[in-house]
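Heads up, what comes next is one protein chain in two forms, each shown on its own as structure tokens, labelled structure 1 and structure 2.
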Structure 1
């Protein structure tokens, strides 16, 4: 390698279209104290099943066959650790062993590396196992350099929900509290899996719109069971719900804190006053009403 440039990897995501400010304000273009040359001090790698507009910004583009992300990550982990890898098995993923070796060398030789992974990795064949493999790869690379992995979030403040869940239950998502203590099992307790299987008999949706993004079996289950939505506007899920409660828009008519994807908290001060209650007010009132009902029943 010519020098120890920083390495940025986007895996299963298309930030040029889905996160259009990510390149210019956060990752490859910004100049900083340790990277005064900006883009010249960084190498960008894009891993995806097709050549998206993000490929134009990449120094290296690796096209993986659909559904082969887990195999690529597993082989890449082996290459990083110097283990023997079957070239024919790697070729079945759409890549060559030389390409994986080059990527592994770049990852081990970089000064600081970040692996951003999107729904193209986390919501395709393998799902949470793909995410686990990516996180494990980043952890193992810290034997050679500083490396981190970070999901590319979609809706606003999803990272905030993960942060709150993590410091209250020690787990970021996929948590079941039905036994009075947290149990973590992605693939079993994740929202999309619960809805697709039809395990839950009621749903409370807070600041999200699963009816617009989830598979048809999940949407059908939402429409056939009691669904309550708290949102500043009418959404696709609102039209499926039995109850929609209009709440104040955080940062516009309600105060609050949002978290950037890198978990930096940003306090919001509303410039306007609105007629609707905040999400916190509504949730507190629901909890108090449930407690009164439970007390009366006892």
Structure 2
């Protein structure tokens, strides 16, 4: 990316405020082996529903009507393939057919394109379908040039969770192990859907605070069923939980490994020694205790 990407697209994300060093450390500002002129050698496109501070950094800003990302992506895929697209249908998305054609031409003409997609795409109307459309678009562009897509990860080591679950269960998230083998179905086995439907009867929360971020029906289910929280602080979720265990803070008092969003594993170098056990230690102890109970029951 640093060495080759001459077209960088951010879709539904605001790196200037949410990933402040993304531009300078990884993408547009870097001079790369095949991009010797740095910023001048790259084109940046921003697609979003509003003009965020990231728009200042962009060469092209495309403002999509809220909830129309899937339609834009689908029309764009058709334009890329040279299929006939109805201009009136495109206008409903907030963009014109000319804008889409220009973007499609840039995508096909670049040497190496990257599509970063943020939560403005993956967490709004369409959700998993939007992410799938973005990934399909990037895959199809490989008929013309080299193109990749990558989610802009918000939270520290969420990429590590994808990697670990992939190599242990073959699926990246929302894996149901209740039958003794892994089953994957986003929308069915994803936490928020389980909680809102009230399908699960206990929750262990590690390295997250759904009590502060999830919709009300999900939070209500967390408080009505037994919830266990491991966190360096007493969080919103801890307050509605049955059990809270304070653990060492990742990278500050706890050592270990974390993945960068491009799946490079990095070691942590904690500068402090704290009084609390690590997440790893507490999780292992809970698992060992659960194994003992299962053994006695059998």
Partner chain sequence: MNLTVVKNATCTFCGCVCDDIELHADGTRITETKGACILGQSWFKNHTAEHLYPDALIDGKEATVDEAVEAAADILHAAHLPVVYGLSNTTCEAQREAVHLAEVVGGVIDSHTSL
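Basically, rigid core = biggest C-alpha set you can superpose within 1.5 Å across the two forms. Positions refer to the first chain, counted from 1. The structure presented is a predicted model; accordingly, all values stated were derived computationally and were not measured.
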property	result
Pair member that is the form predicted together with the partner chain	2
Rigid core fit then residue 43 CA moved by 2 Å or more between structure 1 and structure 2	no
Core superposition between structure 1 and structure 2, C-alpha change of residue 250 at least 2 Å	yes
C-alpha of residue 236 off by 2 Å or more between structure 1 and structure 2 on rigid core	yes
Inter-form CA displacement between structure 1 and structure 2 at residue 274 - rigid core frame, Å	2.9
